[in-house]
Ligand code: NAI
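Listed next as structure tokens is one chain, alone, in the form predicted alone.
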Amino acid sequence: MATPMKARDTFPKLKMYIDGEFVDSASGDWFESFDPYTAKPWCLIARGNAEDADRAVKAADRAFTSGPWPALNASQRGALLRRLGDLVAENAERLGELEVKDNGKLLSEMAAQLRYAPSFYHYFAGLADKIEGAVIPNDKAAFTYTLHEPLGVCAAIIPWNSPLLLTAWKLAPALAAGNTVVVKPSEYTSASTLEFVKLIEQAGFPKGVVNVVTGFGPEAGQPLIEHPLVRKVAFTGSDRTGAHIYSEAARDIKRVSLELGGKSPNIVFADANMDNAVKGAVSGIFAATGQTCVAGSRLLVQRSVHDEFVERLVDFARTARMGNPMELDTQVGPVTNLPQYKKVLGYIDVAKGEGAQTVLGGGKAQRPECGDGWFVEPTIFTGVRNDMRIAQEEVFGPVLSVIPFTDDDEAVAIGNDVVFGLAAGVWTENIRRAFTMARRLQAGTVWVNTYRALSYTTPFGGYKRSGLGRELGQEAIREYLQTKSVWISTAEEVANPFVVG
């Protein structure tokens, strides 16, 4: 039901950020942002379109080609990034609370993410002046060397599950490399990004270096992908949208990095520490309400311990506290938006129709502490075959499929038998098996006896339909650079100009 106009007039109005100023959209239109805990709107966001995208890209291009930003040396860029990281740390609590209001994830998790986020800016600040070329010996009478230079304007398209953390993953290396950026946050979670961008100005970045265009994908995101001045698109989201971006970007030969979906296997062997493995299985799927690309949504359990492990898992998962994500003792919050809520419930119906057996949950949460929010009960299915839709398609919610296996070879075969390859988990006390499984599993990240561990120092990205390129670590900054070769002749005279050799 639409919000009455009078009520809408009382909501805060959050403008987009272009060329160092907060501005209305070109159309003057707004759209509502909802609090997932109450399922009610709480603020209005400027509804951007192609004209706004064009303004932002042109501002970023001006900042890249003229003015103070290209005149800065790498150490000076690093100093700005360090200052930005410090400001994020100073404002972590406020930014975390705003994210909870906008995406419904737990305050305990969002606060932890925002306390950790400064490390990403500090790390890439340190890398900014360590982008080194090379002197290359060659077979010609010439001195040759390489330079690594920024690409230009980069579009960063951010998902709704962890907006500011994933903004840092893209923004920090892009700026360290000397690029300028237009950020397009999800229409479901724009508020925290618009608050964060105030820190860009406080840190001392020149106008136009970072811009934020808000709105819906077809109206504001698509024009960014198509814009001729955008040289790179960095996207986190679904594989379907990623494939569309990849195709569109190819028209102008734009650089693309894609961090896409997953259907990650979390594999428990009979020799595993069962207490730790149970915690790892819960962390893999019920933390963040399952709204994470690395969710261990396929739990592979060795047959000899399958029944015992499932019983222990269900007993532990049943204790999860649901409710207000702003309360620090809440463990499972709501789904972030209404379409995703409906999608998760739809997949639960699909699983039941396929013959999967519900051993926990299996529908919307109707507990008093969940109020009117978009809550789904933590759900576990057994009797799942790997060819079922529930085992092949990304649900992005608190829904776990348990699949039995007999030995290492079958675990690998099942684990790799999906179109995705973002992450995998292995639980075992056998060190030989740990190394062997890590090598055989087709995934960009393999965790052994842990799950969902991430660091700014360590590359992250996917195999297969889970994406292209890498974020984090030293590899991330290379995604925002291009290589130039320079030749300086040392010959005393120019050779025959009609012969190249």
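We number the residues from 1 along the sequence you see. Just so it is clear, the structure is predicted and the values come from calculations on it, not from any experiment.
There is another form of the same protein, the form predicted in complex with this ligand; it is not shown, and what comes next is about it.
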Report summary line: Which of 209-217, 88-96, 268-276, 137-145 lies within 4.5 Å of this ligand in the predicted complex, heavy atoms considered? The stretch 209-217
Query - One residue of 378, 150, 421, 237 in contact with this ligand, assessed in the predicted complex (non-hydrogen atom, 4.5 angstroms) - result: 237
Query raised in the report: Using a 4.5 Å cut on heavy atoms, which of 312, 352, 364, 343 is close to this ligand in the predicted complex?
Result: 343
Query raised in the report: Hey, with this ligand in the predicted complex, do 184, 244 and 261 all fall inside the 4.5 Å heavy atom range?
Result: yes
Query raised in the report: Does at least one non-hydrogen atom of residue 157 fall within 4.5 angstroms of this ligand in the predicted complex?
Result: yes
Requested in this report: Although this ligand is absent from this view, report whether residue 225 comes within 4.5 Å of it in the predicted complex, heavy atoms only.
Outcome: yes
Requested in this report: Report whether the minimum heavy atom distance between residue 221 and this ligand in the predicted complex is within 4.5 Å.
Outcome: yes
**Report entry** Partner contact for residue 405 in the predicted complex: this ligand, 4.5 angstroms, heavy atom
**Finding:** no
